[in-house]
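The form predicted alone is given below as one chain in structure tokens.
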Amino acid sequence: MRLQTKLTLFSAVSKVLILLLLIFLLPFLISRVALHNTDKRLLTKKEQVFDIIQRQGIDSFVGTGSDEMYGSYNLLKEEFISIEPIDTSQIDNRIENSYRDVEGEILEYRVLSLAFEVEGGTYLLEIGRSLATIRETSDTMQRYASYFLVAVVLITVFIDLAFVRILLRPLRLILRRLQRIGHPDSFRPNPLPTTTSDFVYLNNTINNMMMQIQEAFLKEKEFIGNVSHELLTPVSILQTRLENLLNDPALPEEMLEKLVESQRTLHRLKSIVHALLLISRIENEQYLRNEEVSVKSLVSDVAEEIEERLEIKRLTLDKSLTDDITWKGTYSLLFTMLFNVVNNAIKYNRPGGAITIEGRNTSNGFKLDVKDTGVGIPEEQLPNIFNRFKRLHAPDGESHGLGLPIVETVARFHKIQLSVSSEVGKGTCFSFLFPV
């Protein structure tokens, strides 16, 4: 999963969790706030009642010496009020919820109960506010608060998504640059247009590493080219001397066999030197890609070249090219590329096996597959099959040599995408994609 997607999902999930927590706690919090405000309102109403009693006297509510209780739902309009004489032993000041019978209906009120003394008497003042009104107000607040929280979460998620996208833009730029690197030679260090120091540090580190790789690769290319040239001359001289010795009629039979074996070893050494020189020249771009090469004709030429070897190993070759493509490149190199793959298909095939070459147009370009029914390549060796510095062995113990590194070098030189799949005991398939 991409880093941007992960950050966005984390932001969204965390905000949804916070939203659910707030929605769960919201009724309790709003109820507590509503009761607190109601209590403050009752205390304010109490002061209003005391002002009225001070102005009008207690007799206007309860007669002196009378045990009757005064009650009214009109004096404070939204709260009821009751005043009654009590004994000092009954004083119990509090604010609490309690039920009252109003015209035969039991209703719950928030009631302030407060004893006070005036004109030599002790009275109990009760001021109550209906909890139904308080709960109706709380429900309305909860509903609008929920709408507001959902809107805030959605807005912040979209803002976070846009911010993360902008924040990670330098990282996407670094990744695109790395994906475009097909070869160390093609890398060019570039500054990163960002003010985020972490990305600048990452970009500079990658630039430095790639420059070191590029320098090491250039040294390796020079070394291989120089060594190959230096080896080719003495190898050619040795080969000439051996050929002269073999032409000597007085050479004993025992010595003749040893010289022939030495000549074979020298031939293998010369083939390796030529392969290294070929890779070096391709990587130094000493070839021109100026020939129009038909892939269909190329397959026919390779098939004609290997015809004799197929008969020796009793193999069958099936060519199935429904389409064709003309690719601009170097014919000799493309021939070597395809020949090496088909040659491997012969070399590592089982007696009586088959080789299939299929070519067709796809949505991504022209695809050429070379399949065999050979011994296959172990899965752990596939990542290094084109590495010239890894000496890999087929399941039969024989080395793969430099043939496949040459194939990969030629394909890369011609911008052909190369892939391989294999299964031990069933065969291998090399795929060349000539992109559109």
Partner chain sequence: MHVLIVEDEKSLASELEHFLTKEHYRCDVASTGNEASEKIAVNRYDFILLDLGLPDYNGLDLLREAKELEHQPAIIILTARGAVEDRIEGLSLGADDYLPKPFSLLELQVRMQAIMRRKFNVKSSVLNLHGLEIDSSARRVNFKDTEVSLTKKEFDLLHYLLLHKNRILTRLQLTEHIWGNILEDDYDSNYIDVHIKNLRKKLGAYIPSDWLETVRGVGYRLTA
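Just so it is clear, the model here is predicted, and its values are computed rather than measured. Numbering follows the first chain given and starts at 1.
What comes next is about the form predicted in complex with its partner chain, which does not appear here.
A.B. asks: With heavy atoms only and a cut-off of 4.5 Å, decide whether Glu136 touches its partner chain in the model of the complex.
C.D. replies: No, Glu136 sits far enough from its partner chain in the model of the complex that none of its heavy atoms falls within 4.5 Å.
A.B. asks: Look up in the model of the complex whether Glu308 has a non-hydrogen atom within 4.5 angstroms of its partner chain, and give yes or no.
C.D. replies: Judged by the heavy-atom cut-off of 4.5 Å, Glu308 is in contact with its partner chain in the model of the complex.
A.B. asks: With the partner left out of view, is Arg177 within 4.5 angstroms of its partner chain in the model of the complex by any non-hydrogen atom?
C.D. replies: Looking in the model of the complex, residue contacts with its partner chain do not include Arg177, since no heavy atom lies within 4.5 Å.
A.B. asks: Check Pro405 for me: does it contact its partner chain in the model of the complex (non-hydrogen atoms, 4.5 angstroms)?
C.D. replies: Pro405 lies outside the contact set for its partner chain.
A.B. asks: To verify the annotation, which of these, Leu256, Leu149, Leu317, Val118, has a non-hydrogen atom within 4.5 Å of its partner chain in the model of the complex?
C.D. replies: In short, Leu256.
A.B. asks: Which pick from Ser98, Asn204, Thr194, Asn343 sits with a heavy atom within 4.5 Å of its partner chain in the model of the complex?
C.D. replies: After the contact test, the surviving option is Asn343.
A.B. asks: Taking a heavy atom within 4.5 Å as contact, would all three of Lys221, Arg281 and Phe335 count as contacting its partner chain in the model of the complex?
C.D. replies: Yes.
A.B. asks: Could you tell me which of 167-175, 361-369, 100-108, 269-277 sits within 4.5 Å of its partner chain in the model of the complex, going by non-hydrogen atoms?
C.D. replies: Residues of 269-277 come within 4.5 Å of the partner.
A.B. asks: For the stretch 219-242, I need every residue with any heavy atom inside 4.5 Å of its partner chain in the model of the complex, listed N to C.
C.D. replies: Lys221, Gly225, Asn226, Ser228, His229, Leu232, Thr233, Val235, Ser236, Ile237, Gln239, Thr240, Arg241, in sequence order.
A.B. asks: Relative to what is shown, are the Cα atoms of Tyr287 and Ile213 closer or farther apart in the model of the complex, where the gap shifts by 3 Å or more?
C.D. replies: Closer: Tyr287 and Ile213 approach by 3 Å or more in the model of the complex.
A.B. asks: Relative to what is shown, are the Cα atoms of Glu285 and Gln179 closer or farther apart in the model of the complex, where the gap shifts by 3 Å or more?
C.D. replies: Relative to the shown form, the pair is closer.
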